[in-house]
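One chain comes next, on its own, written out as structure tokens in the form predicted alone.
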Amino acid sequence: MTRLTNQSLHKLPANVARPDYDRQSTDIGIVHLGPGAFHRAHQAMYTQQVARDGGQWCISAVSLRSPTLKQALAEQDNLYTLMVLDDEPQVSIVGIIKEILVLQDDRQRVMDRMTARQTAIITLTITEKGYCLNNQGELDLTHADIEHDLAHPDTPVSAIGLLVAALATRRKAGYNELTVVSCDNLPENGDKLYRAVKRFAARYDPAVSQWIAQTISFPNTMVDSITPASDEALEKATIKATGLEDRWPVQREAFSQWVIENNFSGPRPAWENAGVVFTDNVHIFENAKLRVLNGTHSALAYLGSLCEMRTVFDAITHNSMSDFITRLLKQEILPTLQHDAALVPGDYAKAILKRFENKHIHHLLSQIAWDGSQKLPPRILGTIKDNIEENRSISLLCAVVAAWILFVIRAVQAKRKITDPMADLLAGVVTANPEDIEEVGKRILNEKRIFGGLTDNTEFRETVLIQLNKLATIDSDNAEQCLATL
């Protein structure tokens, strides 16, 4: 089987889109930290779509940990296939990533790229846990990676430490025109990244912290496109569609959205020509997305997993689960959202449910369920706090929290790995109370690093425990009856 490379592009079928600009002559202007599937299916594709409009906007992709992607794409000239899954699928070859570096192996080259005069943008998709924040959304100075980087500023391992090291070097060189763009699912992601960088820099060198505050922009953003993990089925589909072997293709749904605060301290690609929305009010978009899309995703992940469902499509097409999600949206999520001419919450929610019903997207509930201790605060707990303040119902949102706790309990009991930065703590609580689900619930609810002030809220605690007891025996056989009682 012929591998996807620059030399094999001419073998592609006519219906497969490919880079329509000169890859050889277009230079790097963007450094991206964390080149996972979402970045490669989303921001990279937007950037490729406007590369023909001019500018040096190829991407240097930096993996902070794993060399796997670099190794996989090295033999195919960093080209890869994007499969857009819909009733009429679209196939594209993406080539905007010009190089892939690994921090551990290519540290000097990474710093050279981040500090080059021509680098005008640094973007990040490092997941919530990569920001090393505490429950208040501020940099956690006791985080092991942050402690390491403060002690060894020349060899940082965290994205925050790496950014500060690069910004300090740019300050010395007088290279001021740089914008740092978070593309992760965090509310006010740019503001949180800015505060984390500035706090670290204040410990590193107060002068650098002051320069960052005066010089570098950190716009807030909202990103959205359901991107299932790459798997063997995708690799086979890619070969069928292109006739070429691709060691790491990516896939996403047809819907894609990128909203960016109009706050740049240097040049940028003409992303608006590819549909990016520039606005002064990202909050309306990000709040709707976090609560409607991500919040219901988490609900489906934990409740669906307990009912032995595999994908979002499986869960949303189950009548009782669909009814629960509809009630959750109508009664407890949509009342917390702002109305705006650009975003009608009810219409947005209908569009989200329709996207979930895309039978071509095999979005695994097990994947969505990862990192619950980090995802629940922005996706679910913020909505609960708003409803408590307005004296509205929280019972269905608390059922999602209870489902997560039960999901953790069952994983530990079945000796399955918990993918969560607090996995050891959670497993320890379950192991210490093997026969008492309610006691496990109480102890997990005491964890302020997850629940913050809600740990002391009697209504919240009691409602979660009530729902936990209702869910205690839920499985695929009694799902309909159990979900109806929530």
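A quick note: this is a predicted structure, and the numbers were derived from the prediction, not measured. Just count from 1 along the sequence shown to find any residue number.
A second form of this protein, the form predicted in complex with a small molecule, is not displayed here; the remarks below concern that form.
R171, A201 and T215 - do all three of these have some heavy atom no more than 4.5 Å from the small molecule in the model of the complex?
Verified in the model of the complex; spot residues all out of contact, no.
Only one of E261, D149, E332, D224 comes within 4.5 Å of the small molecule in the model of the complex by heavy atoms, so just point that one out.
For this set of options, the contacting one is D224.
Using a 4.5 Å heavy atom cut-off, which residue among H297, R252, R291, R113 comes into contact with the small molecule in the model of the complex?
When the small molecule is considered in the model of the complex, the option within 4.5 Å is H297.
Heavy atom to heavy atom, is N185 within 4.5 Å of the small molecule in the model of the complex?
Judged by the heavy-atom cut-off of 4.5 Å, N185 is in contact with the small molecule in the model of the complex.
Does the 4.5 Å heavy atom contact test between A349 and the small molecule in the model of the complex come out positive?
Heavy-atom contact with the small molecule at 4.5 Å: absent for A349.
Answer for A165 alone: is it within 4.5 Å of the small molecule in the model of the complex, judged on heavy atom distances?
The answer is no: A165 has no heavy atom within 4.5 Å of the small molecule.
If we define contact as a non-hydrogen atom of the residue within 4.5 angstroms of the partner, is L79 a contact of the small molecule in the model of the complex?
Outside the cut-off, so no.
Given that the partner is absent here, state which listed stretch (269 to 277, 375 to 383, 404 to 412, 136 to 144) has heavy atoms within 4.5 Å of the small molecule in the model of the complex.
That would be stretch 375 to 383.
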